[in-house]
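Below sits a lone chain in structure tokens, taken as the form predicted alone.
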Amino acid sequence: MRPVREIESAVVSEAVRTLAMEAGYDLEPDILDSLLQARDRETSPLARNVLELFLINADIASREKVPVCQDTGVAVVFVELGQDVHVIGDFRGAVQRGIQAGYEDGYLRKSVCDPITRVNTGTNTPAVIHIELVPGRQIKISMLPKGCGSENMSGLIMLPPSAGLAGMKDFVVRQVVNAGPNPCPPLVVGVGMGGTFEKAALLAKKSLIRPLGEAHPRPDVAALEKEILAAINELGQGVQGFGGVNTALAVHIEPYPAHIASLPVAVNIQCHAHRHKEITL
């Protein structure tokens, strides 16, 4: 029998604090590479110039340790918690303390408020935390700050199964088209398909932490991702709505078995400043 591994909650807090600050300042190589590729293939001079400015902005943010975007977002945290790990102390509390410290020490804007009174909590907490119990002796923590220019353009629909893939594709494309320039394209489009009302939304959000442009392991899903991405970009809305061929950088689809009478589809949109970080303890 393998002994349980113990981790102090303070270690978790410090890891989350670091993730919060790094996510605010440093774009990951996957999004930087995608923006570079988008710039190189862009057909619109205006859109190409904007992409160049995005890359310059990202460089300044990383070098000077300032937020890559003024909207430092709601902190969304995905946790894969090994079942052979025991956290000494309050795990959820440790994550919340880490978010609070990271936003305070990193001089990141605090944007979280009560939904009724609209009074700011002053700490950018509570973060939204999703915990999944997995085999093993490690804790994987993924941090996804979600700015609301993009988050507000997301949507969910409960389609009848008769709508099929055509209905699903139409909804995803329409969601992006209707968003226009509001979510600061070029976009990463997360799609959850199947499950139930809440499962589809969670799948759409979680799909955004997949490395950008990495195809789904199921060939039919990967083909669907490419098809929808092409359909979005063929419409020509482009970078910041200025036209061109780069409305979206990637479409990530996560399917899940659904009831025979239902086809839930959720779309969670991410802006060009696709901030995500992860650490394994």
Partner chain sequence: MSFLRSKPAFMEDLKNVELPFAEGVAESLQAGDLISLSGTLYTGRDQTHRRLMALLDKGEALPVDLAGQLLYYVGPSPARPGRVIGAAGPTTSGRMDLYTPRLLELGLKGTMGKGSRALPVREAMLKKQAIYLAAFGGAGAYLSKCIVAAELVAFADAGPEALFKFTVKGFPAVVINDVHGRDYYELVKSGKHTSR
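Residue numbers count along the first chain shown, from 1. For clarity, every value in this text was computed on a predicted model and none was experimentally measured.
Just so you know, the form predicted in complex with the partner chain exists too; it's not on screen, but the next bit is about it.
The partner is not drawn, yet in the predicted bound form one stretch among 126 to 134, 174 to 182, 85 to 93, 194 to 202 has residues with heavy atoms inside 4.5 Å of the partner chain: 174 to 182.
In the predicted bound form, the partner chain stays beyond 4.5 Å of every heavy atom belonging to residue 139.
In the predicted bound form, the partner chain stays beyond 4.5 Å of every heavy atom belonging to residue 233.
None of the heavy atoms of residue 155 is located within 4.5 Å of the partner chain in the predicted bound form. Contact annotation for residue 106: at least one heavy atom lies within 4.5 Å of the partner chain in the predicted bound form. The contact with the partner chain in the predicted bound form, taken as any heavy atom within 4.5 Å, belongs to 61 out of 212, 61, 245, 224. Site annotation in the predicted bound form: the residue of 228, 68, 31, 253 reaching within 4.5 Å of the partner chain with a heavy atom is 68.
Within 4.5 angstroms of the partner chain in the predicted bound form, the stretch 158 to 176 places no non-hydrogen atom at all.
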